[in-house]
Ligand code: GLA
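One chain is shown next in structure tokens, namely the form predicted alone.
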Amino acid sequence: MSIRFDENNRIFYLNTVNSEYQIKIDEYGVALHTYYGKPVGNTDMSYLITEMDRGFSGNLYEARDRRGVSPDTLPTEYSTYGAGDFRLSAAGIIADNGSRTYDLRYVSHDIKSGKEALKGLPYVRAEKDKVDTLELKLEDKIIGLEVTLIYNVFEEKDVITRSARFANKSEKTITLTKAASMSIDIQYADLDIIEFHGRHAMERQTERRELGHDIHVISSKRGTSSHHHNPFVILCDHNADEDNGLCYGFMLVYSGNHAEEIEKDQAGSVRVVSGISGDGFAWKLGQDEDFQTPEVILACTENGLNELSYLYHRIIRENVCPAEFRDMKRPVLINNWEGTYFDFDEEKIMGIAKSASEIGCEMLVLDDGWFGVRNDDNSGLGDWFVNIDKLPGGIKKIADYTNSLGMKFGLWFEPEMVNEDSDLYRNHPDWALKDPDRKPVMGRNQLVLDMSRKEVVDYLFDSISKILDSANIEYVKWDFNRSLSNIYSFAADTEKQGEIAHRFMLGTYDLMQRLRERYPKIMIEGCSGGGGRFDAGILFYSPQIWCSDNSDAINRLKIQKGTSYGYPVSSMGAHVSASPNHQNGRVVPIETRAIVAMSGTFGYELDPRKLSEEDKATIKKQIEEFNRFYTLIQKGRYYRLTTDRQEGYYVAWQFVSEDKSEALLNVVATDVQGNPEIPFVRLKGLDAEAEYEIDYVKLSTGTTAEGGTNNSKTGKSFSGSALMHGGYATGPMFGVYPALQIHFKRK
């Protein structure tokens, strides 16, 4: 097995192919984290723990004569509060008598093959992988609290998942005010942190800094994982780059309030705590009741950031996303939103469908505005019935017509929201989250439904099912367009209000799961004003998420790069939109827009009826090209090729097939220069001994200077070693955001 327990030394060894994780139970029953990194031959790494009496760091009562043994300095596997550890705590506990202290000691463990599902939560599926599980049971006997730490080892995929289950074994109530999924202490850690901040329309911007002696918190209390702070963090060596250096990744599989807390302590150790945010959280546990936390996906490599990304890409593609769509060719779609907004009728949508079919689109998605009384964003949400003034033939007529053109049909929903101006709100005002006797905070002039209530979830399931049953709908775009505030449920008692934010998320997951089970062939694309809920929790139900409402190709370079550190290209919704761009007014050539959007699920966000004949012909060719390289892009290994410094001038990235038989190089100039330096990259992941020939080149207008050196010609050949070590020079790039795409094929 990949998990072994040394009974004599009380050490747990968790081994993947390229990593080792060690836990030691000390003589006092404290679970210590002693190592996570490259395999070390099952050496007991607790030798690195040095006893030292540090001032104002107290001692366990049993170790009161050993002043070097302190909860404040020991590297623990799940940190406590009130029992001498003054660093970040993994949980917050209020016992029935008001005490907040908890002190967890080892009770027992269970090692078994396989992996169990997490009831009501998304998780990393075992699928066909060999997975072993360790359940490590800790207990505070004084208050009757039991905490089971759950480890799942995906041996071949170099990934470990962690979660925690709390159980009340006393006759008295215990309140959880914080319940993290994991904590880990990394000794002698001189590390950088990489996080992914942002805002609406500029999500997952990469920020890297050196960890100081402080407490660093990446969190969301918006009721969603948010545009602002993604629930994924990387710790790495100062000198780590894309190809070298120790890197740790921690990704929470959850879509609601979250917190990733990092503290570098007085002795130079780094503690990472990840899980549901404790801000506003309070969960009552009665006798024999339990609480399960979400999972965290851990990965570790000494081979740099590209390798770390690969580990996450693979596990998400193959073990998180729904199996039904893993190998399905996803259609190139056209969405009418930026083409029409709310201003459409049956004739207009059918005209868009006809025009889209002529340029090769494979699916039409009807976006917001088809339901209730919905002519702008001030009314209608919650009324999931067809607006017959706009669509007198209903959804079926549009879907049937689209199918007759050889295209699939998809439809937009925003299930968790309601407008005050809607039949649903007028009939059930108490179904919205809001405080009693207080005017609610509005967002986009809409309120949020109380998804913690079963009757609300049942209503949504029934009303959405009626629409899905009415026509041949093969895709659902699931949107979520505001943050949660006034988080109060009229169906919950006073002492339960601290549970509502998490119960809201459980209700959303329940609705998604029920719809997935009833309509297994309907693909869901997640969306939250673009990338506001871009996380592994949503990807459990949906194989892709609209990456950002910002479809500008140049802004998307940073958005998609930041996303790529943890999430695969196959999960990134990316479209070619109109130019000038609707978000920032930038003009970008259609070839460049396509090259950027191809590094995603690919589609179009415009009105094809307004295109020139030249653009229509170009789009038709783009779709053919994307389909030619579909498998390489969606399943190939992704590499970032340029540094932040280089990307002030040009951005480059690459896909390589699993068997290394082909590669696709992409280069976009972000700031053309007079008398320029030549864009230059070293390709990665090729077969060094093989010969590669260029068999396809896509150039946007003016990419290379007339008469300048140009390696980008079909028929030219290079050794894999030359391309990786000698590198590749594109030739000078001129014009408006010029771009280049080259396909290399092994001879």
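Numbering starts at 1 and runs along the sequence shown. Quick caveat: nothing in here was measured; it's all calculated off a predicted structure.
Note that the form predicted in complex with the ligand isn't included here; everything after this is about it.
Stretch-level contact analysis of 426 to 434, 471 to 479, 71 to 79, 488 to 496 against the ligand in the model of the complex, using heavy atoms and a 4.5 Å limit, identifies 471 to 479. Taking a 4.5 Å heavy atom cutoff to the ligand in the model of the complex, the contact residue among Asp367, Glu139, Asp607, Glu195 is Asp367.
Taking a 4.5 Å heavy atom cutoff to the ligand in the model of the complex, the contact residue among Gly372, Gly529, Gly245, Pro589 is Gly529.
Every residue of the trio Arg444, Trp546 and Asp549 has some heavy atom no more than 4.5 Å from the ligand in the model of the complex.
Interface residue remark: Tyr312 is not counted as part of the site for the ligand in the model of the complex, having no heavy atom within 4.5 Å. Taking the partner from the other structure, the ligand in the model of the complex has a heavy atom within 4.5 Å of a heavy atom of Trp337. Mapping the unseen interface onto this chain, Trp412 counts among the residues with a heavy atom inside 4.5 Å of the ligand in the model of the complex.
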